[in-house]
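One chain comes next, on its own, written out as structure tokens in the form predicted on its own.
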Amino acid sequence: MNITASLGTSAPHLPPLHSSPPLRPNGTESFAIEIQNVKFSVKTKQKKLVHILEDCSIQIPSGQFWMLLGPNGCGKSTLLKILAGLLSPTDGFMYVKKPKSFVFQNPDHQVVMPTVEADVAFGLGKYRFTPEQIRCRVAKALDAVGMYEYLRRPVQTLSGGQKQRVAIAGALAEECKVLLLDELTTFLDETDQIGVIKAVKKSLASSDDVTALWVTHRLEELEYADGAVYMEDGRVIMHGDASTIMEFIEDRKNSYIRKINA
């Protein structure tokens, strides 16, 4: 459904939720995410220091859809949680454009209200919006992820992929500039998997200057990305355009297979 048609030409002007972030002293806003030499360590019960991330550096341009890949346990989700502010780095420089939003792997941890409309509107309660402004934001966000027709639906009737799209719409309704997405397709079937990826792509295309970083272990999802970051053993091994990263991973895999066969 076309959102302009559904709202009419008399929809109110929406005031911005957040002022523009200041420019970094040594850079510009061309990168939505930039980290340099980020480290993260934890202490065990035996007071032993365990290094989870070592000297991670990446730059992700504004308005693009990037993926973060690597073997299980390489530090992908830890890095994403640091970018989201859920963990604090031990050392290093970090810049993430604000506002930012973290979307969990399991949508049931994030979608909490009884209906789709109520859930997307939930985060807007802390702002001084009129009911009409809230309705407009909710409709626009749901349209961006292809879920406007489900506006009145009870959340419990949705599939896992549809719930993920509702969670993404909630972030967009708050004018989120950076989406941090933690393995959203892990528990989804193929249809929902592709639906969620396309919803993210559509939301970036229909929103102003929104950037997404998507953690995944599925190589086939790379075809939808503008760029990618590849990690191993807590380090960023390579980052760049998606096709280059795909070739790098395939070469890495073939080399490993040759070693096994030898």
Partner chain sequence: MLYSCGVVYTLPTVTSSCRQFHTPLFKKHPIQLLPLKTLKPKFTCSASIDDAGPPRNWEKWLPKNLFSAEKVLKSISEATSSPICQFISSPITFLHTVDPRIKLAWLVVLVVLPARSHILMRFGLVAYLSLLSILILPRHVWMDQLGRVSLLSGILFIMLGLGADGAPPVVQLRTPPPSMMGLPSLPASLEGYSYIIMKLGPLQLTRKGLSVASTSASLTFSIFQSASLCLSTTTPEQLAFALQWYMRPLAYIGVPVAEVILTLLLSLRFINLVFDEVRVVALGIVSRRIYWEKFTALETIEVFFTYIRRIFNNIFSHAEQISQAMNVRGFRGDSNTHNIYFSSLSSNSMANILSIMCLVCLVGAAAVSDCFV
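Positions refer to the first chain, counted from 1. Since we're looking at a predicted model, the values are computed, not measured.
The same protein also has a form predicted together with its partner chain, omitted here; what follows describes it.
With the partner omitted here, the stretch from 122 to 130, 71 to 79, 187 to 195, 91 to 99 that lies within 4.5 Å of its partner chain by heavy atoms in the predicted complex is 122 to 130. Among heavy atoms of Q156, some come within 4.5 Å of its partner chain in the predicted complex. Among heavy atoms of L83, none comes within 4.5 Å of its partner chain in the predicted complex. The closest heavy atom approach of V111 to its partner chain in the predicted complex falls within 4.5 Å. Interface membership of E183, defined by any non-hydrogen atom within 4.5 Å of its partner chain in the predicted complex, is ruled out. Highlighted residues T115, A118 and I134: every one comes within 4.5 Å of its partner chain in the predicted complex, counting any heavy atom. Scanning 157 to 184 for heavy atoms within 4.5 Å of its partner chain in the predicted complex gives T157, G170, E174 in sequence order.
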